[in-house]
Each structure stands twice: as structure tokens, then as C-alpha cells.
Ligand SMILES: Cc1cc2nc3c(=O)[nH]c(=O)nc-3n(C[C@H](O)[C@H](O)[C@H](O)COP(=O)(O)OP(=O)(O)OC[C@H]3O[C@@H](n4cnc5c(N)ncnc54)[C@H](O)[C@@H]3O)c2cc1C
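Only one chain is shown below, in C-alpha cells, and it's the form predicted alone.
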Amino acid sequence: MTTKRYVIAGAGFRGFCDALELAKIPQAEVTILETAPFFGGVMYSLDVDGFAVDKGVHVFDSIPKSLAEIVNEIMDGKTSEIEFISASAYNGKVTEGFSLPDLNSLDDRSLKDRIRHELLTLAKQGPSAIPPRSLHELFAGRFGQTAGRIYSDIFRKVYGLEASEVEPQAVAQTSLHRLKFLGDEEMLSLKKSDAWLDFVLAARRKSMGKVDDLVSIYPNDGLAMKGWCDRAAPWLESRGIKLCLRETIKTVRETPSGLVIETDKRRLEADHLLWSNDNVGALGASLGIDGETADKFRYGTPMLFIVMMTHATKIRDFTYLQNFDPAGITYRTAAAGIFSHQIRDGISFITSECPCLPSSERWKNAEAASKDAWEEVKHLKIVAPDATLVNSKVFRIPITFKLAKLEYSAKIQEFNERVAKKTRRVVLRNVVPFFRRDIYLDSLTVRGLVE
């Protein structure tokens, strides 16, 4: 049987999943190339004063049991099931057990009545035959004009960009895909009244009972996601998958027998190259075509990432809270130190992702922003009123959530066509799946792309 050689560019979670699937092909040789000095991509935790701190919320959230079994095997069983204790804030009010915006916190009943009227009208009319051109149009077409404007305002707060500038599929990367604007009983009644309303409306999970068989787990070895990343690399290698860190692809060219891939360290021959990362510009450069045009149509979402250390007993029992108040400083705050089993001398930490444009004064004076964020998390009762900020660390992160701006889909399609003219042996992986379960499920199709 002929050996099949596959090279994967990118050692993030997508590269990990793609490698797992390709390794199932008989006689397959799988090599992962990664420019970073570590495995795991954005999942790899920071070292902050001796704590392992994830760059955001990177729990294995709502994943299929088959993936959970793989994670557990890599961790030698050192994982804990996470019972999500989520909350959200809007209009200065916190809704427990709910991670989307809760417009029921609005004080104006007439506004809620208007939202209800617009929703019922939409349900009666049925979905529009004209697809939305932007995320703003999707919000209006899904929730009505009134709620759509509110959601667009929330989007601007979280991402620093107008919803009218973003393609509608960006909704999959947000917590803005469903609407709650009344109490749970009223929401459930509305959901049951119409199939369309059931699709677009939400209620708190505890009022709906068990809705799927997915599980949520997290490493419990005290090393956060870094613990999983550091174990996953040798686990892959033990299965014959070669991992090459600190290595950059320079050129890719097709020959009669396959591909020749030149890196800054070696020359590789392969039957297929899977580009399992989102650096389209680098792929274009390696093939001698322009990939930066497509990259220019993606927005990076700059944020200040703040790690705040305090006494563990002063941190409330929660997993994360999403603050949708347009005037708020923080967006998503997590009890990261608690659920990652990190308490040292009674001290643990919380993390806050704070939307912030690089041109703003807050970005320039990031250290002062940590004090304002601390006061906000106290106001939101994430920590006790008498909690003391023992220490804090602020990171300026210019690119976090990557969103497709208008025309991105057309530009990436043009790029794919140019790649295909060069070679059919390079596969640019689908960057749409965002959550880990979606990335994993999408990887199950990868064999069909190369066989």
C-alpha cells in the first residue's frame, strides 16, 4: 500500500483535530508545522505571577462525548466536568443562569410590547426571501427593528465595529444569536406558539431542562489549558504524528509527484498540505499569490485582557459573566483561577476581556483601566464588596475574535480559486466553525477532502 504524506500548517485546535482524522488513513504520514514555540495556538495559557492564565474562556464547552473521551485520555483522566454557572448583565441588572443579553431588564414595558409585536409580525410573514447583507440586517430580520437596533448597539460595544460593516455569518461567533426580552414563562410560551419563534427566542436553560447530550470539561491539574496543550503534543507523537515547532513555511510548489514544501529548516515532500490556520496572507505568500487582500476584510477585535488577583473566598461561585451594557468597561469576566484549580496562599484570580480601541485613552493608559474594571466587577457582584485587589496585570491584545467584514466571503472565494489554479493539493480549511465542538465535527470531513 502506498504511503500518503500529509502536512498540516498550524498546531492549534483545528490542526489537532485534522491530524487525528488524517492519521486514521492507512499508511498515512502526518506532519504538523507550527511557527510558535508551543503546541495549542490561542489555547496555550499565559504565565502571570506563577499562575497559568488562559487568554479568554477556553473550556471544552458542550463537546460531543467522543471528543471528551480523547481529551480525558490525553489528560490521564485529570479533568473535571464543568457545571456552567453563567450570568449576563444588561441595563445595570444581572440575570443569573443566562449568558445572552436579557432585554427583560429593560424598564420600559412599551418597548417590550413593541418587540413582541414586531416578532409576531415577522413570524406571520415568514423568513424573507432576500438574505441579509450584513449582521445588522440579520438582527432586524430575526428579532425586529427595535430589538435589532439594541443588538447592534451591543455588538458595537463588544467588538468596536458597526454590525452594518460585518457579514451576517459573524453571528455564529457572538452571544447574540437568540433573543430574550420577557420572563422565562412568557418566553417559553412564545417559543411554543410558532416554529420561527422557537428558533429565534431564548429562555434560561434551567427552565428548559436537558436539551442535549453534550458535555463540558476542563483540565484539573492546575495548569489550565496549558496542561492539556503540553500533554497533547507528546500524545500525538506517540501515535506517529510528527510535530515541528518554531518552523515557518516559506514556499510551496507542485511537482508531478506531489508538493515540495520548503520551510526555514527543511525540505518536505507531501501529497497534500492542509492549511489549518487562518493566516491567509502567509499561505498566499508561500504560493506566490496575493492573500493579504482577503485578510484585509477581516476585523481583529482589539481588547485589554486583565488578570485580577484577590482572595479566593471573595470570588462568587460562577463560571463567567458577560456584560452587554454598552457603557460597560468589561465584557466577559471569568472565575478562571477557581475552575482551573489554582489557589495559592489563599489567592486566586479572575480574568476580564475589555473591548478597547488602540486609539483610545484607555488603551494608552491600560494600567488605570484595571482599577476601573475592578470597580465594575465589584458592582456586578463578581467579587464581594469588601474584596481587595491584591495584584493585577493588563495585556494589550490587538487581535482576538476575527470577524468577516463585508465582501470577505467574495474575497476568500477569489483566493481559493487562485490557489486551485496553482494546485489542487493545498486545502485551505474552512474557518467558519468557531466553537470547539464545531471544529471537531468539521474535521471529520477532512478525509474526503484529500482521498
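Residues carry their position along the shown sequence, with the first being 1. Just so we're clear, the structure is a prediction, and the values are computed from it rather than from any experiment.
Beyond the structure shown, there is the form predicted in complex with the named molecule, which is absent from this document and is the topic of what follows.
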22-30, 48-56, 413-421, 380-388: which one contacts the named molecule in the predicted bound form at 4.5 Å, heavy atom to heavy atom?
48-56
Answer option from Asn279, Thr313, Asn365, Asn91, heavy atom within 4.5 Å of the named molecule in the predicted bound form:
Asn279
Which pick from Phe143, Trp275, Phe339, Trp374 sits with a heavy atom within 4.5 Å of the named molecule in the predicted bound form?
Trp275
Using a 4.5 Å heavy atom cut-off, state whether Arg156 contacts the named molecule in the predicted bound form.
no
Can you tell me whether Arg429 touches the named molecule? I mean in the predicted bound form, with a 4.5 angstroms heavy atom cut-off.
no
Considering only heavy atoms, tell me if Pro64 and the named molecule come within 4.5 Å of each other in the predicted bound form.
no
Going by a heavy atom distance of 4.5 Å, is Ala36 a contact of the named molecule in the predicted bound form?
yes
Any residue of 380-400 that, in the predicted bound form, places a heavy atom within 4.5 Å of the named molecule:
Thr400
